[in-house]
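Heads up, the chain below is alone and in the form predicted on its own; it's given as structure tokens.
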Amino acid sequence: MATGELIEVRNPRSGEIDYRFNAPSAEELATTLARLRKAQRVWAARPLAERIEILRRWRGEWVARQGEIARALSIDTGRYLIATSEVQSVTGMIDRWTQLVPTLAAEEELRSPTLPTISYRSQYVPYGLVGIISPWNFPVSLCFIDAVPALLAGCAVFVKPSEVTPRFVVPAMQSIAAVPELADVFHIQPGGRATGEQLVERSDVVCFTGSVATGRQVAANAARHFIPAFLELGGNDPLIVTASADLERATDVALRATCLATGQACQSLERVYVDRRIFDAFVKRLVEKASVISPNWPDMHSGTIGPFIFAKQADTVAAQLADAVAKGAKVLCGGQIEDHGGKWLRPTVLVDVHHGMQIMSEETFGPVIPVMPFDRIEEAIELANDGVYGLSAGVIAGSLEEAEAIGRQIDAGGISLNDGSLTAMCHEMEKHSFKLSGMGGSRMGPAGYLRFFRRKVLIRQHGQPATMANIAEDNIKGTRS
């Protein structure tokens, strides 16, 4: 049992404090991290096939507890369908990585094209201890998205989930404890800011998902301790809709990709630019669709929109809406925070917006859809690129070719063509975060595994090594004046 700071946890549906836990004390955390680091040497020495077999055994334990983990997660987040989907996604992560990693990080001997007597071989050396700080919006998915490949690489892993959503940790840790070899090198324990800071200080590499403000602090701490930091931060993702776009497709995508998970997703679309020729028709149809979406209250198993998981986020969204209205925006549907103990917001469509409003320039993280017209596609691209974020974006046009031509000009790491937020569904392709949306290697595609290694080169000399005679000045004759 941890004996550090007592942290109280709010229920996102009722608004009541109904859960408490103790963060690890500094001494307890240091002891746990030292244990993981010691066990990592044995873990890394295991053949990859053994590590794969151990994670597949853990998969079975996870499946056996899926219902219990999903129930805990649904309390953490106030939503059931997405919670269940998150829990099920972990088995997919294990399946994908255990199938893929045998083809990665393979050693091979190569010959130097410039030095015929030299050959070389790369060795992949895993980091010892990976510290992961995961957020509250997708507590399970973003807990394991980095942990699974790091474990397969041969690293030990400590995850600090958000203190806002800690309930799932107990049943998740029970699944890990059922596989002793994995429990030796994998630990999940919630805590507050002090736990996160100490984790960074004692890790060999840190993975952080969260806000830009906190990401800056994590990066600075990592820099002080001279360790790499992989940061996946905020976004203010644009969607461009051209005049040739199918109106039904465009409005369906705009609604889903802004409001899925109550807009509490990094890759949520947060601002929509529509060709003026179809602007009125687009807005009319979008409002029709948005107006029939209801909150999942009072019954979690009905409705579509869940509560704000973190109550302060509702206050942020309310402030941005107030700023927009004060500066001339019109609310066509939604727009009012509903307080039922927890806080909800129905899909909210805004028009008459501009980039002087916070809702167009800052991350909103709520089910808000500001829609702005454009006259030329060059103008839309300029507007899409006008901002400090570059996580992802979307383009909907009459053809994929038209959409791609526009997408190539948007400064973001993942561009969905004739859809939106596809990076939440597709993890096979590598992408980077542009601007303030993050830094470090891609967590998707092969790089999501390879970034947990340092590469060491073993250089072989097959001929005679050079001697001091080779660099004697008198070897060069007739060149002095």
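Sequential numbering from 1, following the sequence displayed. What you see is a predicted model; the values in this text were computed from it and never measured.
Below, we turn to the form predicted together with a small molecule, even though it does not appear here.
With the partner omitted here, the residue from E163, E181, D275, D352 that has a non-hydrogen atom within 4.5 angstroms of the small molecule in the model of the complex is E163. Taking P238, G306, G234, P347 one by one, only a single residue has any non-hydrogen atom within 4.5 Å of the small molecule in the model of the complex, and it is G234. Of the candidate stretches 209 to 217, 393 to 401, 323 to 331, 290 to 298, only 209 to 217 contains residues with a heavy atom within 4.5 Å of the small molecule in the model of the complex. Residue contact check for R256: none of its heavy atoms lie within 4.5 Å of the small molecule in the model of the complex. Though the partner is left out of this view, W136 does reach within 4.5 Å of the small molecule in the model of the complex, counting heavy atoms only. Proximity of V87 to the small molecule in the model of the complex: non-hydrogen atoms within 4.5 Å are absent; the residue sits far from the partner.
The shortest heavy atom separation between D76 and the small molecule in the model of the complex exceeds 4.5 Å.
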